[in-house]
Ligand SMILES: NC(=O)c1ccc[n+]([C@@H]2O[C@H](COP(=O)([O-])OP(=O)(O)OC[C@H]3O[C@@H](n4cnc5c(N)ncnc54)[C@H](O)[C@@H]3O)[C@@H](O)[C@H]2O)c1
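First, one chain by itself: the form predicted alone, in structure tokens.
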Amino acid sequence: MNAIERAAIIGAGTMGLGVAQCFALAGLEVTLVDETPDASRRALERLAERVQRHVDAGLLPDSALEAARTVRAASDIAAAVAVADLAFEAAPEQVEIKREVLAACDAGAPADAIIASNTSSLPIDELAAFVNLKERFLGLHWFNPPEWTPAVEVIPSAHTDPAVVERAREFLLAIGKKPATVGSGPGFVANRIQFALFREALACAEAGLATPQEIDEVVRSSFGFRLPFYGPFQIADMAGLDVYVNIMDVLAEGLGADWEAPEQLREIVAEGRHGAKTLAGFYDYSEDERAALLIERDKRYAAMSRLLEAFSTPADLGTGESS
């Protein structure tokens, strides 16, 4: 696979600047372009200020400033993508703007360049319609702040060449990210789950169950505490899938049919696959693997507990008042 060594970033907002910083610190040749040549030049100043803040905070070494200074500004999209291996669209989340940007990338980038959109919600198949060489287009959904958040959702369209997907994944791994290939459903995976959580947090607050501050504390100190280490399926396996069915039955009784346990989950439980305790759930385990999983879980949670003690909680940083 051709290495990705030169990247053009189109759009110099929060995400575009953060991705530019990641690419530059990884040693890529980076060209940044915004709405006008003057805006592109100002973006370089904002990038330098952003990196300086991270250096001052002890998050990056002084050498990061030198890497950031290698980023160049382009006068327009055609100039930015002319020799790019990756054209990364980070324009506002408006279809007409993305149509214009992606078409310009497609027209100006070399034939073997990957064209990627950082859309967080727009269907990738619809955006692919704006690109003639559809096999080289896909979504690369980064998360804010892009410098520090490991995940990147890799979203192929129906036309994306599998080799392009693999090339993008290898590149992301090489610069220290955690790519996950997902389908192009509404919100993809991360936002669908994240906004389900936010919707229910709002519902709890509106129902008077707790204040926003108390809800934040419950989430970060309970299941949120586990999420840096395990995803929802393995957490469920460790808790017991039969327990989950029982809890969902209570939720359905109190909150409605939308909370019914999915048939797939009931079938798994009926088969005796209750999770780690029965050595089978969404994952399969040997006795040794189960024992190792549980002690490793305890080590990780104990370490997280100690880490959190060293930092202020969100409540300490705010007013404690609702807006």
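From a predicted model like this one, the values you see are computed outputs, not experimental measurements. Just count from 1 along the sequence shown to find any residue number.
Although it is not shown, the form predicted in complex with the ligand is what the next lines describe.
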- request: Counting non-hydrogen atoms within 4.5 angstroms of the ligand in the predicted bound form, say which of 276, 33, 47, 30 makes the cut.
  value: 33
statement: Assert contact residue (the ligand, in the predicted bound form, non-hydrogen atom within 4.5 Å, options 159, 167, 177, 98) equals 98
- prompt: Okay, which stretch from 67-75, 221-229, 167-175, 111-119 lines the ligand in the predicted bound form, with non-hydrogen atoms inside 4.5 Å?
  reply: 111-119
- prompt: Is the ligand in the predicted bound form near all of 240, 269 and 272, within 4.5 Å of a heavy atom of each?
  reply: no
- prompt: So, in the predicted bound form, is residue 91 in contact with the ligand at a 4.5 angstroms heavy atom limit?
  reply: yes
message: Can you tell me whether residue 15 touches the ligand? I mean in the predicted bound form, with a 4.5 angstroms heavy atom cut-off.
response: yes
query: Looking at the partner-bound form in the predicted bound form, is residue 144 within 4.5 Å of the ligand by any heavy atom?
result: yes
query: Is residue 10 close to the ligand in the predicted bound form, meaning a heavy atom pair under 4.5 Å apart or at it?
result: yes
